[in-house]
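The chain below stands alone and is given in structure tokens; this is the form predicted on its own.
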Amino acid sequence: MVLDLREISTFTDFFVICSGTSEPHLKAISSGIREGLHTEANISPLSSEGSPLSQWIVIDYSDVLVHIFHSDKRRFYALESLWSDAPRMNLNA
């Protein structure tokens, strides 16, 4: 899910929110995002917090914050609900 925060936030433009079902899955998602953006667009994150063990990883690309949750943590923290006034972006290819 991608939330468009441009009209309601001063610290970033977009949240990308995704989830995995295990620690290895979270690690694979994080690695895939990092490697894909580096390979395809030569973009590296400014910083990263969390780990697969904590079940929540945040990767900061300045204008885009990527949140990778374990599915249970995603339901618990419910960022989509906290930012319910943010438009959802349709990314159908």
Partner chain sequence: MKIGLYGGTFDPIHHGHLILARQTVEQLGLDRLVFIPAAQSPFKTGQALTPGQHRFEMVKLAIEGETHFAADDVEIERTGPSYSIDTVDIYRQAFPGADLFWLIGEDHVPSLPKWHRIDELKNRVRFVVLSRADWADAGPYPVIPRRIDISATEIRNRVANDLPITYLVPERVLRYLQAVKLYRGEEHRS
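Because the structure is predicted, anything quoted here is derived from the model rather than measured. Numbering follows the first chain given and starts at 1.
We do not show the form predicted in complex with its partner chain, though everything after this point is about it.
- Taking non-hydrogen atoms only, His67 approaches its partner chain to within 4.5 angstroms in the model of the complex.
- The shortest heavy atom separation between Asp63 and its partner chain in the model of the complex exceeds 4.5 Å.
- Proximity of Ile29 to its partner chain in the model of the complex falls outside the 4.5 Å heavy atom cutoff.
- For Glu49, a non-hydrogen atom is located within 4.5 Å of its partner chain in the model of the complex, even though that partner is not displayed.
- In the model of the complex, the residues of 1-25 lying within 4.5 Å of its partner chain by at least one heavy atom are, in order, Ile8, Ser9, Thr10, Phe11, Phe15.
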